[in-house]
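Take a look at this one chain, the form predicted alone, written out in structure tokens.
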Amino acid sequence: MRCLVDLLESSIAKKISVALAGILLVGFLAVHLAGNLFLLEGPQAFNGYAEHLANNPLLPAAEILLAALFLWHIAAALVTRAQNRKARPEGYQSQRAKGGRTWGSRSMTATALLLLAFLIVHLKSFRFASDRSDLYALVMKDFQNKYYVGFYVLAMGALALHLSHGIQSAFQTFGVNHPRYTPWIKRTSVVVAVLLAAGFAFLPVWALVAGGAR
């Protein structure tokens, strides 16, 4: 029993849990983007999708699970980062920073903070809006605000950077690290990150420029 407790408290267990939560959150992002694309079909399609989602009896449990995943991903990542800094001499850190690092790996903390700020604003604007009877109109109204759209696009840039390193790091944590496969995993991570971020960023830009579905 004590061995199990020690394992769960170890840095390895925390890294695995961070990676697992991250992969599950990437899956959520893909599903969420697919739902958001109903905006392109107009108010009837998007509001119908939103109503169907709101009436799903599994939604409250799914939202609780999603919130738990997100909070655990942040907390475990911060603890793991602190443990790594404590375990490694500063000179070793500086030496590693000279090579083998990407913009994504260097900016993980900064992009995480920006994404957290975006999530708070996003939830306040849409999930916890006082009137959600016409969600399409609510979304289009915010997407007509160029400052909000700018913030949205900036946050999606941060998402691309975060995922470009996070996805490949998760595979490495799971032990998928081989000279033959690692370059492919790195390229795929970047492609997935860019596609997700670009998909989300496209919608507010499209709404601002084209004014929504005709």
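If you're wondering where the values come from, they're calculated on a predicted model, not measured in any experiment. So that there is no doubt, residue numbering starts at 1 and follows the sequence shown.
Beyond what is shown, the protein has a form predicted in complex with protoporphyrin IX containing FE (HEM); the following relates to that form.
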Problem - protoporphyrin IX containing FE (HEM): the contacting residue among Ala45, Val26, Leu154, Leu37 in the predicted complex [heavy atom, 4.5 Å] - result: Val26
Practice task
Could you spot which one of Ala137, Ile74, Val121, Ala129 gets a heavy atom to within 4.5 Å of protoporphyrin IX containing FE (HEM) in the predicted complex?
Solution key: Ile74
Problem - Interface membership of Pro204, protoporphyrin IX containing FE (HEM) in the predicted complex, 4.5 Å heavy atom rule - result: no
Practice task
Please run the contact check for Ile167 against protoporphyrin IX containing FE (HEM) in the predicted complex: heavy atoms, 4.5 angstroms, yes or no?
Solution key: yes
Exercise for the section: Evaluate Thr173 for contact with protoporphyrin IX containing FE (HEM) in the predicted complex, applying a 4.5 angstroms cut-off between non-hydrogen atoms, and reply yes or no. Expected result: yes
Practice task
Verify the contact flag for Lys141: yes if a non-hydrogen atom of it lies within 4.5 Å of a non-hydrogen atom of protoporphyrin IX containing FE (HEM) in the predicted complex, no if not.
Solution key: no
Problem - Residue stretch of 176-184, 157-165, 37-45, 50-58 approaching protoporphyrin IX containing FE (HEM) in the predicted complex, non-hydrogen atom distance within 4.5 Å - result: 157-165
